[in-house]
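Only one chain is included here, represented as structure tokens and corresponding to the form predicted alone.
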């Protein structure tokens, strides 16, 4: 295409540096915010005022920032749960189910020890807190292993399996917390019993210790993919399973293990949201809403191109915008769903801009000689 004396064309990138990818993502974020500004304008609100409220509450406010960090922890764990199978060329759509089973397993530890939330006895936190965390990881890993086993042994589509498991576990949670369920609230409400004070996760400056686990998991995964034999096998399998198998990499072991690891991380996300977030400390009756948030891990994983370190700022941004969007919705009197709409526009724009990860726009000045050659041809 020629505009004036310049010719524009698309050229495929031979390589893409981390800084160039980051700059493309930053540009996409600005474009998304500009596009969403029209929503504020149509609502009669100055976009600058709205964005000021969103970012101030999410990233500076003494009440909003802890909420952002808690949401960030959850999203980062779910993102890592998606990234591990994704690097093997597989899709973990089952973080929601693994998240549910992880939370049930954590509360199951308390049930086994006869704790139902009604008593405030000072239980041995040094014993039960690690057991809850381990149980959550094992519960998520177990559910993930089902998809991994079926994929590795029988080549059954992992997307179908994980989606089916999501539906099954959604109703499994309902069975446990509703009337007559093992984890039902003593008051008869449709939610689980509350954690005793002594068994609530350690919190530092309103942020639970699970932030260390989430960031640590992202760093360790990056190291695993970049420096270890197992990480190389995962990447090789993701590039070409048949060639990887010919080189001696097991077609069963890789799918099975990546889903076990991904499931364990999603299970820990379940522990975090229902056992570590201040003000929750129970499997709430609207647990389905928290489960839906796990799907944002897929988007964060795709935007980060499967890079666990790049997923950290992306999950933090998504967490902040979801919290800030919900706040501005009430403060400025906007309709319900502003936070989800904002995240939706942001996701669509970021995914669309991934086109420029593979292609670049090249423009060259058209000289008189080139024009003469074009005419003669």
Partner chain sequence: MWEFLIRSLDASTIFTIAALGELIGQRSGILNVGIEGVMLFGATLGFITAQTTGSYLLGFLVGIAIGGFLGLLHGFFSITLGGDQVVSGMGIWILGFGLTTYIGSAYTGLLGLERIPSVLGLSPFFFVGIALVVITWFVLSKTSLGLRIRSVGENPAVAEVSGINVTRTRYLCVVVGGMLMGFAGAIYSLDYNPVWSYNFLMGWGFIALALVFFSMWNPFILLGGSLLFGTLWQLSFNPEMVLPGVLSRYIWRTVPFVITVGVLLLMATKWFRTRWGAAKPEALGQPYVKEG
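Numbering follows the first chain given and starts at 1. If you're wondering where the values come from, they're calculated on a predicted model, not measured in any experiment.
Only in words, not in the display: the form predicted together with the partner chain, which the text now covers.
Colleague: Are any of the heavy atoms in residue 340 no more than 4.5 Å from a heavy atom of the partner chain in the predicted bound form?
Modeller: Within the cut-off, so yes.
Colleague: Quick one: does residue 352 come within 4.5 Å of the partner chain in the predicted bound form, counting heavy atoms only?
Modeller: Taking the distances in the predicted bound form, the answer for residue 352 is yes, it comes within 4.5 Å of the partner chain.
Colleague: Going by a heavy atom distance of 4.5 Å, is residue 91 a contact of the partner chain in the predicted bound form?
Modeller: Judged by the heavy-atom cut-off of 4.5 Å, residue 91 is in contact with the partner chain in the predicted bound form.
Colleague: Can any non-hydrogen atom of residue 174 be found within 4.5 angstroms of the partner chain in the predicted bound form?
Modeller: Yes, residue 174 is a contact residue.
Colleague: Which one of 278, 238, 116, 288 is close to the partner chain in the predicted bound form, taking close to mean a heavy atom within 4.5 Å?
Modeller: The residue in contact is 288.
Colleague: Going by heavy atom distances of 4.5 angstroms or less, which of 112, 156, 127, 205 would be at the interface with the partner chain in the predicted bound form?
Modeller: Contact with the partner chain in the predicted bound form is made by 156 alone.
Colleague: Assess the spot marked by 163, 292 and 336: is the partner chain within 4.5 Å of a heavy atom from every one of these residues in the predicted bound form?
Modeller: Yes, the whole trio is in contact, each within 4.5 Å by some heavy atom.
Colleague: Based on heavy atom distances of 4.5 Å or less, which listed stretch (206 to 214, 253 to 261, 174 to 182, 266 to 274) is in contact with the partner chain in the predicted bound form?
Modeller: It is 174 to 182 that comes within 4.5 Å of the partner.
Colleague: Determine the residues of 245 to 279 with a heavy atom within 4.5 Å of the partner chain in the predicted bound form and present them in sequence order; the list may be empty.
Modeller: None of them.
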